[in-house]
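Next up: a single chain in structure tokens, the form predicted alone.
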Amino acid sequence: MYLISELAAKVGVSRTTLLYYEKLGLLNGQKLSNGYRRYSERDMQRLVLIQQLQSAGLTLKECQSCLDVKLDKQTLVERLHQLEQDIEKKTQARQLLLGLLGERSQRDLHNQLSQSAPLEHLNWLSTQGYSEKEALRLKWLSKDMNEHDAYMKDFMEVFAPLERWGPGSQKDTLNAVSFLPKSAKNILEIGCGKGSSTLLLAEHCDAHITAIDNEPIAIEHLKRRLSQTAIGEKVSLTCASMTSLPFAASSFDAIWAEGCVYIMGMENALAQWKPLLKDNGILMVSDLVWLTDSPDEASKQFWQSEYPDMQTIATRLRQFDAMGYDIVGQFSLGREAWQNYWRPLQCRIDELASTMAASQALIDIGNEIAIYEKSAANEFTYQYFTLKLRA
């Protein structure tokens, strides 16, 4: 026989808990004449069984039911389902903690945050010590704080010698240039890269071109190219972020943003760049869009991870109208323009395969090329939109 304090110590619960169990009818101790309670060996074993049932997720009421009558299998099935959900959540929590501690990949975390909380994601990366430029690269490229530096080193190793850092062609760029007004005197080119479009703009427009990019390697490359031409004086180069442009309001007749708006998101870009345009100013922006409402599952999953805000052309047109822009012209990037990008990129991947086979950057770029080869210009493309600021 056990006194209540002895039983509590033996099964590892408090005296208050045992009194509560008695109140529920789970225990029936003998109350002695002196007011003390005594419990039998069977009471102790009953408590052990209750603890086992509770460890399976059963409530005290359900434990009592299991003790007094035949097991209710439906209740057990429900508790099993709940337990499996709890295990999954705990596993995810463990994986997240391991990722934050640097012991596993953080890619799932960054992919989820990019889709569900993009602005707070960038703000959080900033609090972790990343500059805006590095935070954007981490969000769109490495997706792992633990491996970011190594990833970007490999990424730049691949892209540094390449002329194009995105799909495009001279034909398509000139087609878009044809929509610019002849009267434009000042054009801002955002995300100029190595200057494939910059040179065409300078050659075919009378305007002065202010070209910006946040990558110093690209700016230096473009500077060298311009120094070898007769149109270099028509272009000013600035290394700056597209999210914080160092220009006064109403500075430009037109803004040119080819293949870079995804970095900010279309709606943010339309709102932030709008004040820089003069009255009736022109915005040329190209954006990844779906050409179908039912894309291949592999393409869908890839772009949900890489560009969660990717939309159909119809959706973008509604957004332009809602934000005060009228459409001047639009067209889709041809397959040749995609090949201009991925074929040299594939050659570069092949060159580096023997020395960088384990590189996550190389693996990611290879997967990207596979999606382009299969579906670019059929299920998705870059759509060129020339917009006019509504009066």
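Just so it is clear, the model here is predicted, and its values are computed rather than measured. The first residue of the shown sequence is 1; numbering continues from there.
Just so it is clear, the following notes concern the form predicted in complex with a small molecule, a form of the same protein that is not shown.
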query	finding
Per-stretch contact check against the small molecule in the model of the complex, the hit in 103-111, 72-80, 118-126, 209-217 (non-hydrogen atom, 4.5 angstroms)	209-217
Partner proximity in the model of the complex: V289 to the small molecule, non-hydrogen atom cutoff 4.5 Å	no
Contact flag, C192 vs the small molecule in the model of the complex, heavy atom cut 4.5 Å	yes
Non-hydrogen atom contact R225 with the small molecule in the model of the complex at 4.5 angstroms	no
Touches the small molecule in the model of the complex: F302 (any heavy atom, 4.5 Å)	no
Contact assignment for the small molecule in the model of the complex, among L162, A184, A240, M152, heavy atom within 4.5 Å	A240
Single option in M310, L136, V235, L180 placed near the small molecule in the model of the complex, where near means a heavy atom within 4.5 Å	L136
